[in-house]
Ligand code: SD4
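Quick setup: one chain, the form predicted on its own, written in structure tokens, and binding and motion questions come after.
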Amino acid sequence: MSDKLPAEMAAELVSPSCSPPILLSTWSFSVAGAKLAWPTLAAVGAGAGGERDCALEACLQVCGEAERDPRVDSVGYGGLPDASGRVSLDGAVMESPSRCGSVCGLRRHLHPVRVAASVMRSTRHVMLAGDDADRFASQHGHLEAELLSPEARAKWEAWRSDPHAVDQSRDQAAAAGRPTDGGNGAIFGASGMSDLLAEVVTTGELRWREHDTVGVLTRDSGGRLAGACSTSGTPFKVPGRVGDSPIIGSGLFVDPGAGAATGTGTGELIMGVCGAHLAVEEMRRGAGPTEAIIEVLRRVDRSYSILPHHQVAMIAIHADGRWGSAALRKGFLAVIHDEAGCRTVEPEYVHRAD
């Protein structure tokens, strides 16, 4: 099947107004990917015509950089395994409600967002899972790879023998904001991050270092929106567990007429309120990006008994190019790359002081 869209569907992918390009991503470890992807995004002009996939390609490049880096222990090759010691990867991509794709439970392919893009472009489906998703990936030219890094295996072996080893559901030290590995923060040691380490420590981002997704949103200068998110899921999860990241409308949602949003943190909290979809619908009703995310956080807080290890953070881009970020708790950092350069930013709103 051709991935060419009819003219009326291609028009749907363009937001109603144009402005300079912008790239948003979650967590400071995505700085390297944002810098890598910026030329792809910035090269697309308002009259680029057939370049409709460049906004998405930039998203894939950001995710790919994190997926390859063994020091990022919540995504890709460095991702911590499930309770059985096996790594499973989830991811999603989206340009519009009619143009999205996702995969979950990959065990033999390193780049779930690339596979998700193949699902979107080459099938009439949205989501593939498990062994069949791996088989599809191989059939469509994605190379198989080892997913469990030596560092991740060592952490899993430590977890099996020590109930206080890192685990977002059991690690009381991490829940209290105290580093559990001497402050090294492997997830935030990704390439290009040494100059940001002091900021990471100061803002408390280490608190959430072992269990977070890389989510990316882009808007090119032609007004096209795209998003992607990639994760290895909760550390030492029950085998088969799938969180919000590959679920369209939960961890990621893009609608060219309203905006785009992606989330990170405790996936079950985001799934229960369809967080990304809720944020985009709030923008459709007139809310600004940060205001829209605040409504998601309020809904989460009303819907759940919030535990010490719970975190929810989101980034959003309005169809008109405005952007925002907010988090349930302190410690979240987002990355923004625009014409002024690449930088990390704290959320504009934090819902709880604890």
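Start at 1 and count along the sequence shown; that's the residue number. Bear in mind that the values here come from a model prediction, so they are computed numbers and not experimental data.
Omitted here: the form predicted in complex with this ligand. The next part is about that form.
Looking at residue 241, you'd find a heavy atom of it within 4.5 angstroms of this ligand in the predicted bound form.
The shortest heavy atom separation between residue 134 and this ligand in the predicted bound form exceeds 4.5 Å. Taking the partner from the other structure, this ligand in the predicted bound form has no heavy atom within 4.5 Å of any heavy atom of residue 118.
Contact check for residue 221: no non-hydrogen atom falls within 4.5 Å of this ligand in the predicted bound form. Proximity of 234, 245 and 266 to this ligand in the predicted bound form is complete: all three residues have a non-hydrogen atom within 4.5 angstroms. Of the stretches 257-265, 76-84, 125-133, 147-155, only 257-265 has residues with a heavy atom within 4.5 Å of this ligand in the predicted bound form.
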